[in-house]
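Shown next as structure tokens: one chain only, the form predicted on its own.
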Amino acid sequence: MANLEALIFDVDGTLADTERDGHRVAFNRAFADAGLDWDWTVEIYGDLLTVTGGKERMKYFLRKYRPDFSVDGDLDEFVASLHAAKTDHYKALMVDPGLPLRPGVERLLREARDAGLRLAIATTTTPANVTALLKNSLAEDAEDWFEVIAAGDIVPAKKPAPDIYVWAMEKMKLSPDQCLAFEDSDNGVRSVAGSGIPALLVTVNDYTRDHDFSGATVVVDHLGEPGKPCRIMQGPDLIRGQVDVDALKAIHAYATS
């Protein structure tokens, strides 16, 4: 059985609840700037989250909700321009008002670093969005905490394809059984499963609470803090109040045994 060497984290919904109050708001501001009457409500955005990637999400929105819409010129260029404007709004939102990390995230990251575990990120969001969140919600140098940041269009196929996790592991020269992944959605679970990583911890959020997490090792409501214990929603009873390094090693051993 391989030892646990690295933790690979999804970002949106896993490190912070960025979807509803971050990305959704930024999209709507970009639409307003462009003179578009599109309004992505909380409910509509929940549907759009079935598609990974911001540009892909906009195209899905047009197909499903605005099939009458047309652009002068190339649709891909139009969508890419809107997405770039949305990214600028998202980065500004990370500064003011900012978004907190989910319970237990900063604590666990610091404990993992102190224990010598290697850290990486595997996400469909753009690198600029990752940087904005880490710098403003974790620490000025937080980007340097992660050995690899696999983000955005670095691979052609986005989650639920496994490519982003495979790319991260190749860069770190690790095998799947040396890793433990963190996700929050069914698309993420499928991506991890396809990559061959056996150890997967899921933290649910309001958008993903009803997703199918049958491929996860353990599912919790959050990572837990002193005085704010997490709740195991699925999987073996391997966590005592909060997800710490000992719990991660137990989860990894259970998944790889």
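Note that residue numbering begins at 1 and tracks the sequence as displayed. None of these values were measured; they are calculated from a predicted model.
The following text describes the form predicted in complex with a small molecule, which does not appear among the structures shown.
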ask   = the small molecule isn't shown here, but in the predicted complex, which of 119-127, 135-143, 169-177, 71-79 has heavy atoms within 4.5 Å of it?
value = 119-127
remark   = Assert contact residue (the small molecule, in the predicted complex, non-hydrogen atom within 4.5 Å, options 194, 215, 53, 46) equals 53
Whether 83, 159 and 185 all lie within 4.5 angstroms of the small molecule in the predicted complex by heavy atom = yes
task = Look up in the predicted complex whether residue 211 has a non-hydrogen atom within 4.5 angstroms of the small molecule, and give yes or no.
result = no
